[in-house]
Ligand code: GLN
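Below sits a lone chain in structure tokens, taken as the form predicted alone.
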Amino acid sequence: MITIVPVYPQLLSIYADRGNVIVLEQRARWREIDVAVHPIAVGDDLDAANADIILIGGGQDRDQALVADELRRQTPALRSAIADGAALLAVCGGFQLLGHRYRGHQGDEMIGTGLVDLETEAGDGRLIGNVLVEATVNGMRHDLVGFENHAGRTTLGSNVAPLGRVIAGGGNNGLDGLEGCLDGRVVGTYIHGPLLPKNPWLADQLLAWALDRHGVTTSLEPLDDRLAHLAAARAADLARR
């Protein structure tokens, strides 16, 4: 049984992050893999032993501020789950909350979880548009496509790998050519819209990590992803333009 845990989906799902849950759930069921979805609300406690794929979505600045304290309270459980082999996908605002802090224009700070060595500052404008990234996960290169819309400028610590390198788009900060982060099985990214429908290879990687946590190491059965590949190719073409 794979358990998918969306964190505070009522507040952190501004960019259709529910779509990521649906993709993971359906791709597991198509392969006859038992799967359950157990969202946690503000005030709930994360059960580290029963959280195989943890999803932290994006929210408005107000909503991120509302959940920041709660998410920090969950940090010990999150660390425990990650250390035990769970996968974590954090998108946009969730990506920012993986780090130490978000510093606003007025010097105000929103303290993050510190799960990943990264920091974010508010930029002068927003990075908006289609994105194409060359991602490398488990030694394999993939195109990663989607849409970004963020004012934050994120900088990774010196020992943190990016999820990929930007071919088109802004990425983490519009300057260093990097997008997202990849720290073990922790994936952070600014790409949303949602992310996984256009990037089924990444959904399958998360599922493979979840199965591995339960001692299942066989390759996932291929699925008919022709429509997803067409959508990804169209998105890549838009980004290149």
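Heads up: residue numbers just count along the shown sequence, starting at 1. Everything quoted here is computed from the prediction, not taken from an experiment.
Beyond what is shown, the protein has a form predicted together with glutamine; the following relates to that form.
Of the candidate stretches 31-39, 176-184, 202-210, 55-63, only 55-63 has residues whose heavy atoms lie within 4.5 Å of glutamine in the predicted bound form. If you check glutamine in the predicted bound form, you find a heavy atom from every one of Tyr15, Cys92 and Ala151 within 4.5 Å. Although the partner is absent here, Arg73 sits far enough away that none of its heavy atoms falls within 4.5 Å of glutamine in the predicted bound form. Contact between Lys198 and glutamine in the predicted bound form is not found at the 4.5 Å heavy atom cutoff.
Taking the partner from the other structure, glutamine in the predicted bound form has no heavy atom within 4.5 Å of any heavy atom of Arg141. Looking at Arg126, you'd find a heavy atom of it within 4.5 angstroms of glutamine in the predicted bound form. Along 185-221, a non-hydrogen atom within 4.5 Å of glutamine in the predicted bound form is carried only by His192.
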